[in-house]
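First comes one chain, alone, set out as structure tokens in the form predicted on its own.
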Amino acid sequence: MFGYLQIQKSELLVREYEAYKSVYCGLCKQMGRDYSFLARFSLSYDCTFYAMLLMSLSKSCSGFKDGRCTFNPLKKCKFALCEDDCFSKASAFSVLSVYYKLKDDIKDERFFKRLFIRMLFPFFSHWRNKALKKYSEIDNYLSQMTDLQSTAESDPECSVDESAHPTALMLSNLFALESSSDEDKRILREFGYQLGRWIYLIDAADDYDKDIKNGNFNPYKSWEKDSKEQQMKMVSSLNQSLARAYDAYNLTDFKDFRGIFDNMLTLGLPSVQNKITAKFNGGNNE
């Protein structure tokens, strides 16, 4: 994933923000334990969201404990405690996501960046092999997404919806793994699909200038950046996915971190979207 699932910090309660940081720090610690100190650099807001989702669905958060930051031992912080393997699963998803992202970037990026990626790739390849031992289904969904994405992007007639489908399908399948009934599975599939669609499309909008400059695939490549009509179409499509994701979320049985999820879906994600889509309208999204 890409780091767009963010909170609106100013609107969170203090205890909610402390809980969010505790999950982030707990996941960071687990990634170092499961893989290595360097693996912690792949930690993202998206994987923190995934860890909270897992903990909320399994109701496995057992509290918080005081500790010290691994990167800065002089800094005190709190760590969320989990009775299940939620942190390990989110850690695996993080390193596997970066592995497939690097694998894709080797084909798309220019020489010097490719050289840097090739230096990183053996580390993530090794960590991927470790993650496969316990979480082969996650790897399978990410591998499937990469293949489907490659097929879609090689089609000159590929539409915006078709290009977003692989990421949406991957997150849909990933969330459905955590379902406890057929009804929950349908809800989580819809929640994951719409959230995955939004993530892909907001990333495409964010990378628009870079992709045009480098000649890379972008679903908005044929659009006129300054076209008011096309900007409205983009925002409408993104809003539709956010609205449908929120509708599905409201049918879930999330209890832990509910206030944080509410904040992200109603404030954090729309704020991220407004900042990115504003550049298609001269920096103004009013």
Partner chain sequence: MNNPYEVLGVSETATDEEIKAAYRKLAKKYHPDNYTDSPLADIAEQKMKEINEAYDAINEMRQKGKGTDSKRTSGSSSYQSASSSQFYSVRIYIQRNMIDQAEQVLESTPMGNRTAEWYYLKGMCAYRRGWNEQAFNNFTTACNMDPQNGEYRAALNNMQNQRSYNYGGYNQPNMQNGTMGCSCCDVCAAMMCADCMCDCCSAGC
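This structure is a prediction, so every number in the text was calculated from the model and none was measured. Numbering follows the first chain given and starts at 1.
Absent from the display: the form predicted together with the partner chain. The rest refers to it.
- Just one of 139 to 147, 155 to 163, 68 to 76, 210 to 218 has heavy atoms within 4.5 Å of the partner chain in the predicted complex; which? That would be 155 to 163.
Triplet E190, S236 and R258 all within 4.5 Å of the partner chain in the predicted complex via a heavy atom: Looking in the predicted complex, the three residues E190, S236 and R258 all sit within 4.5 Å of the partner chain (heavy atoms).
Even though the partner isn't displayed, in the predicted complex is E229 close enough to the partner chain, meaning a heavy atom within 4.5 Å?
Because no heavy atom of E229 falls inside 4.5 Å of the partner chain in the predicted complex, the answer is no.
>> How about Y246 - does it come within 4.5 Å of the partner chain in the predicted complex, if we only consider non-hydrogen atoms?
In response: Y246 belongs to the contact set for the partner chain.
Query - 4.5 Å heavy atom contact, S62 and the partner chain in the predicted complex - result: Flag for S62 set to no.
Requested in this report: Determine whether any heavy atom of E83 comes within 4.5 Å of a heavy atom of the partner chain in the predicted complex, and answer yes or no.
Outcome: So E83 does not count as contacting the partner chain.
Of S97, T167, Q194, N173, which one comes within 4.5 Å of the partner chain in the predicted complex, counting heavy atoms only?
Looking at the other structure, the residue within range turns out to be Q194.
Partner contacts for 3 to 23, taking the partner chain in the predicted complex and a 4.5 Å heavy atom cut-off: Only Q8 sits within 4.5 Å of the partner.
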